[in-house]
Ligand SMILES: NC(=O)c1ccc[n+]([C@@H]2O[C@H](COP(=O)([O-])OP(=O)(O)OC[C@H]3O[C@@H](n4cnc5c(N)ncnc54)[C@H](OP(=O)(O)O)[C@@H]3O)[C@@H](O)[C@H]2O)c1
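The chain below stands alone and is given as structure tokens, in the form predicted on its own.
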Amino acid sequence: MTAADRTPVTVLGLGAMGSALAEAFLAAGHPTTVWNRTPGRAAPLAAKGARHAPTVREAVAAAPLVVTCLTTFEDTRRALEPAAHDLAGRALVTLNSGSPAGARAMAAWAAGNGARFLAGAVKNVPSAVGAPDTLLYYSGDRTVFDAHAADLRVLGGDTVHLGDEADLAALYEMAVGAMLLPALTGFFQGAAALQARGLQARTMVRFAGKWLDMISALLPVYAAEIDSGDYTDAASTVDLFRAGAAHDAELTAETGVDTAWAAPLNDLLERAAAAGHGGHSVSALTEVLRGPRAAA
């Protein structure tokens, strides 16, 4: 494919991630139009060959593929409102945070204005955009994905269509994203504990990485237990984690580090044990998180 064959694309929203998306399109030879509420953010991209549209209407009109990277679905709708009538017949791809309900509302709004819609998520940091192993997943109109798969793969080589239901990407984004803050907070707690002993946080990075590798290797095992509902073949039980929770108070007393953030997690362990899962795999916490199952 020559540069002349590349699909023109518009990128709306030029924060760190939006700018990375626009740069990836430019690097791949796509004629790229950019727009941002704060016009100054477009200058570095214009210097690299992007066209800076002064209004969102001009930006939308410039390309058949419009990629937005704003904070939420609500922000995206507000930004696009002046250009709503210009969306007809265009492919609209949103890459932002939000709930499944927000994605459904966005899809309905897009359809009402004649746009062909995909919701998506970038599962990496801005500096990784464009890398062969960077994951992006999308949901919504499969014909849009098929028509623009090569264009979207410019943003990351691991590009997946989850299904025609427009809210699937948001659902997976929240499901996967739920792991991030607890994992990072655990690292931050560990760093604070080391610093209390005069040690540097960087000294734990190697060991924390190995720990995360181990957790990653366990995910297929836990997923199989959850899908089958059989938690009896337990390598790590709920009761084992309950025993470890008792050490939090000792760590706080010794180092002064606040471990109160883990209290709801420890409560979850107690609720699981009370429900009869003490000797079961820790993946049985899923049963408590899910709550009572709907009657068949």
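Numbers follow the displayed sequence, beginning with 1. Everything numeric in this text was worked out from a predicted model, so none of it was measured.
FYI, the form predicted in complex with the ligand isn't displayed, but the following is about it.
Enquirer: Based on heavy atom distances of at most 4.5 Å to the ligand in the model of the complex, which listed stretch, 125-133, 150-158, 106-114, 197-205, is the contact stretch?
Expert: Selected range: 125-133.
Enquirer: Is it true that Met17, Arg41 and Leu95 each have at least one non-hydrogen atom within 4.5 Å of the ligand in the model of the complex?
Expert: All three within 4.5 Å in the model of the complex.
Enquirer: Which residue, Val60, Ala50, Leu70, Val67, is the contact with the ligand in the model of the complex, using a 4.5 Å heavy atom cutoff?
Expert: Contact with the ligand in the model of the complex is made by Leu70 alone.
Enquirer: Name the single residue among Ala193, Ala79, Ile226, Ala84 that comes within 4.5 Å of the ligand in the model of the complex, judging by heavy atoms.
Expert: Of Ala193, Ala79, Ile226, Ala84, the residue with a heavy atom within 4.5 Å of the ligand in the model of the complex is Ala79.
Enquirer: Would you check, heavy atoms only and a 4.5 Å threshold, whether Arg37 touches the ligand in the model of the complex?
Expert: Output for Arg37 is yes: heavy atoms within 4.5 Å of the ligand.
Enquirer: May I ask you to check whether Glu165 falls inside a 4.5 Å heavy atom distance of the ligand in the model of the complex?
Expert: Output for Glu165 is no: heavy atoms all beyond 4.5 Å of the ligand.
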